[in-house]
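A single chain comes next, written as structure tokens; it is the form predicted alone.
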Amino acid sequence: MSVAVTHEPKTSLVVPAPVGEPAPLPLALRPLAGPPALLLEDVSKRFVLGRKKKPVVAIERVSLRVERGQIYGVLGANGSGKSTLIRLVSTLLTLDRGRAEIFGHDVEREEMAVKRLINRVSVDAAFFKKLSPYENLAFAARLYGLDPAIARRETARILERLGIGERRMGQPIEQMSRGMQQKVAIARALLTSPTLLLLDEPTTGLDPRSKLDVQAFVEELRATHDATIVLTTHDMAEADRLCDRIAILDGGRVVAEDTPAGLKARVAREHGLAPTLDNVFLAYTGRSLDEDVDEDDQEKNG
């Protein structure tokens, strides 16, 4: 199924302000009634690799607030703490200090309530490799207690929307390309209609056409299902297109946080650089994204 993708800037409904008053924020950027979708306060995480080695700092005193309905980007070099942050939020790791809440539910004290609200897509998704995409999603639907008839219909719709036709739905996962497997992982997460969707580099390994399909589907999901999305990515164009706000991590700390437009304006004003997210990344981490990706490729191939 082909998907029409446009590159026009995102628009939100804005009510005109009275003359002489500042214009209101777009809906996705306004604080809403009730608790935020994600709240982190002074969160830290360290890993002990041995009794004679110093602990490795993964996350150091991070505080973030993600409002309902936002797409919130987390950017950083390899080893900056992006994936650790996602694992902490998704209850896969415990906090060393600080507080984390999902829609007002404490991540550690109310773990089961949090798990019902979230789903996560990682860059290395796990499957039953001998089973087909349809069978993998059917198994996930049963775990979440979804009605079988609704699950079958939604499985076919989501897979087709992501470019996985009926013929591929019955093909074993192990026979699929890395990019196609990632699209199945995204479909599996979307099947449960999570209120907070955690996407850890979801388009890594996808070809340009598939990447655009997934990005369009993420925008559609936020617009039609009132979902909140936290996205880590190495793709600056993707972050610029999708994200309402962006936090940049370096050494486990938040070194900059603003809207994409705000970050670009700041790097132009404070550093005299062209207003691009690539230059924002360079200014606040001290390295270019290309260097980071090249090192990552060398580690995987070396």
Partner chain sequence: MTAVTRETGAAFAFVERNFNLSRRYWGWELAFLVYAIAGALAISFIGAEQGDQRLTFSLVIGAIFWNYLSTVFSFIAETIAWERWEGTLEYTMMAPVRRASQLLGSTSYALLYGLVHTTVILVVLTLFFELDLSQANFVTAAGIMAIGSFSIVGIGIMAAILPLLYVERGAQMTFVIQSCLLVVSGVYYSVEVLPEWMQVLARLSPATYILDGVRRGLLDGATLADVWYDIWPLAIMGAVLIPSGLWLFGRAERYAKRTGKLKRVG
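None of these values were measured; they are calculated from a predicted model. Positions refer to the first chain, counted from 1.
Omitted from view is the form predicted together with its partner chain, to which the following refers.
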Decide if the three candidate residues Lys211, Ala223 and Arg241 all line its partner chain in the predicted complex, where lining means a heavy atom within 4.5 Å. no
Work out which of Arg68, Lys45, His234, Lys264 lies within 4.5 Å of its partner chain in the predicted complex, going by heavy atoms. Lys45
Listed residue that, although its partner chain is not shown, lies within 4.5 Å of it in the predicted complex (heavy atoms), from Gln215, Gln181, Thr204, Asn119: Asn119
Going by heavy atoms within 4.5 Å, which of 157 to 165, 215 to 223, 98 to 106, 128 to 136 lines up against its partner chain in the predicted complex? 128 to 136
Can Asp124 be called a contact residue for its partner chain in the predicted complex at 4.5 Å between heavy atoms? yes
Can Ser177 be called a contact residue for its partner chain in the predicted complex at 4.5 Å between heavy atoms? no
Taking the shortest heavy atom distance, is Thr91 within 4.5 Å of its partner chain in the predicted complex? yes
Please determine whether Lys115 contacts its partner chain in the predicted complex, using a 4.5 Å cut-off between heavy atoms. yes
Along 134 to 169, which positions have a non-hydrogen atom within 4.5 Å of its partner chain in the predicted complex? Glu135, Ala138, Phe139, Arg142, Leu143, Tyr144, Gly145
